[in-house]
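Below, in structure tokens: the form predicted on its own, a single chain.
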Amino acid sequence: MPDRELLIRMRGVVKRFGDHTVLDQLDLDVPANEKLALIGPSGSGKSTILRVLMTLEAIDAGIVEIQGERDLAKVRSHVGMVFQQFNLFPHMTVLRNVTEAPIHVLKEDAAQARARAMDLLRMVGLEDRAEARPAQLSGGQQQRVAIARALAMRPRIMLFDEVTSALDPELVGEVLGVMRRLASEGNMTMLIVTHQMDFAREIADRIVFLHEGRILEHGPPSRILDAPEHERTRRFVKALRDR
């Protein structure tokens, strides 16, 4: 593990939905600023890890710490998440979608929040759509607004849950472009659930392969994608390449 602050620590984490165990004695460490890609078949626990960190799901056993804090509600403001679905407020403009939480949760001055929101919209290439409503935007544009909205809360950790899966193929690139820029700036911890293997290879420091709620193997992208140790990982990677 790099000699960096350990930002996320999960030990023996169990999460069940009814009789189904989604996370099974999971151990995971994520140092500050790491770009971590989570891959694996459907139902392997990838999205559940993000939802636990976001305090959207409670665990049944184990320990979860963020910045050494076990009461995740206390550090919740340090974590931002972008979902498969955009979840924008349809009755609000793009600008208000981005400023709403900083003003009402962080208690930022409205003018300050607006200025930062415009900077973020400029970063994601949507400064000229600030007064549009979500219904007037393409799916890719809405997802870029969702990224700007999450960044407006100034998180240390960003969670991306299959953020391109609901997009038409021609719109995927514009969202991945924004994520590439975030990754290249280097000062943010990112956990990315994705089936985009070329993208994971490009930006991830490490890839974790999950199977049946456990980490089967992890390592640098070149090893996991080109020379995985486990047959299950090999089959998964090959299936994605053959699609």
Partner chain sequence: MDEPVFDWSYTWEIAPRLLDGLVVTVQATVLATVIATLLGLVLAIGRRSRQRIVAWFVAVVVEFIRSTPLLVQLYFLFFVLPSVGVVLSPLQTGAIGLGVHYAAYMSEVYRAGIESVPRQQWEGAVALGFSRRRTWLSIVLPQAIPPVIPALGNYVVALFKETPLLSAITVVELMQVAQIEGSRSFRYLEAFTLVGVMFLALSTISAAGVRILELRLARS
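Residue numbers count along the first chain shown, from 1. For clarity, every value in this text was computed on a predicted model and none was experimentally measured.
Heads up, the form predicted together with the partner chain isn't pictured, but that's what we're talking about next.
Screening 124, 95, 79, 72 for any heavy atom within 4.5 Å of the partner chain in the model of the complex leaves a single hit, 79.
Of the listed positions (137, 172, 115, 101), a single one reaches within 4.5 angstroms of the partner chain by any non-hydrogen atom in the model of the complex, namely 101. Screening 53 to 61, 27 to 35, 174 to 182, 188 to 196 for residues having heavy atoms within 4.5 Å of the partner chain in the model of the complex returns a single hit, 53 to 61. In the model of the complex, residue 167 stays away from the partner chain, with no heavy atom inside 4.5 Å. Though the partner is left out of this view, residue 150 does reach within 4.5 Å of the partner chain in the model of the complex, counting heavy atoms only.
Contact annotation for residue 130: none of its heavy atoms lies within 4.5 Å of the partner chain in the model of the complex.
In the model of the complex, residue 111 stays away from the partner chain, with no heavy atom inside 4.5 Å.
Contacts with the partner chain in the model of the complex, taken as any heavy atom within 4.5 Å, map within 84 to 108 to 87, 88, 89, 90, 91, 92, 100, 101, 104, 105.
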